[in-house]
Every structure is written in C-alpha cells, then in structure tokens.
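One chain is shown next in structure tokens, namely the form predicted alone.
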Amino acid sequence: MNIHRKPRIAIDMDEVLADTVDKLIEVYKERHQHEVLLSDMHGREFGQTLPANLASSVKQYINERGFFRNLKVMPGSQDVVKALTEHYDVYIASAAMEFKYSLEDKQAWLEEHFPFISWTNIIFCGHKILDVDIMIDDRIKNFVTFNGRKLLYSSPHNFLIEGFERVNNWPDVAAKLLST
C-alpha cells in the first residue's frame, strides 16, 4: 500500500508569525523613555542594544502575563499560512515553556490570529525535535538536529548569519513554497 501524505512544515512564532521585537521596542520606549531602533540591532540581540542598567530587564518583561498575548502579526503571515495549509500539513512550533505565561498567551494569540490552525497542529515545546520536512525559524539553534529543509526567517538578530536558505518576509515564503 502506497500512502501519500502532504509534506509537513513547522513554523516558529516569535519573530516569524509574531513581532516580538516590535513589542520590546514599545515596552522600552514606554517604560524607560529609551528608544531602540532596528538599525541598532543589526546582528545583535535586543538586550545587547540596551544600556547596562537595562540589559537584564528583558527577561523580566517577557515573563509578564500578556507580553506574548499582544504581539503584532507579521505582515502577510496569515494569508500565506492559510494558503500553505492547502498544500502542506502546517504545524506551529514554539518554544513556549521557557517563560512563565508564554504558553497561555501564545495559545490565545494563535486562536485569535490563526483560527484555521487546529489545536492538534500546535506544538509548544522546549527543544524543537520535530518530524517535519520544512522548518521556518529565526533561530539557527533550532536547525541543529533538524535534517529537513531549513528556512531562516530574517530578524535583526540573525542578519549576519550566512549559510542558510533565507526568507526575508512572508511574500518570500510564498514564492519559495507556493509557486509551482
């Protein structure tokens, strides 16, 4: 018996579907009157752009209830992910276990912004050890044990990383995965 299945895709949330950096920029501007520009982050983590007295506060803010709940959706992601579901088995894979309220916040965020993704296709984990064909992620650490096609989603912290197939935005994802 020959069983055909759709190829499987795992899509990360933070900095791929959800704009975490934008939220951090807002928080620091509001709470500390300190403005971080995307150009300041070129190849660096957000915390590395902060003055020494604020550098350790990032972890405090991302551990607050609601931080991950109110992130902006990356432009174009909803339409492209919806189109991907017609050709692929789409899974959302997020390391939601590290921060206190992120699992609860991320689940609610997905229900609101990606209601067409079934709860059965949402994977909240620590390490992303996944049996999929394609992974879209902004962190190369998630590619270490992954043997499938790796698409590095551009984010300010990874601009200097080379050697991976890169997608800069959701139209790039569509061009690579939806074109015939």
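Numbering starts at 1 and follows the sequence shown. All values derive from a computational prediction rather than experimental measurement.
There is also a form predicted in complex with another copy of the chain; it is not shown, and the following applies to it.
- Shown alone here, H127 lies within 4.5 Å of another copy of the chain in the model of the complex, counting heavy atoms only.
- The shortest heavy atom separation between I122 and another copy of the chain in the model of the complex is within 4.5 Å.
- Using a 4.5 Å cutoff between non-hydrogen atoms, R8 counts as a contact of another copy of the chain in the model of the complex.
- At a distance threshold of 4.5 angstroms between non-hydrogen atoms, S56 is out of contact with another copy of the chain in the model of the complex.
- Considering another copy of the chain in the model of the complex, the lone stretch of 25 to 33, 40 to 48, 151 to 159, 107 to 115 in range is 107 to 115 [heavy atom distance within 4.5 Å].
- Though another copy of the chain is absent from this view, in the model of the complex it lies within 4.5 Å of a heavy atom of just one residue from K100, K82, K72, H87, which is K100.
- Scanning 30 to 67 for heavy atoms within 4.5 Å of another copy of the chain in the model of the complex gives just one residue, R65.
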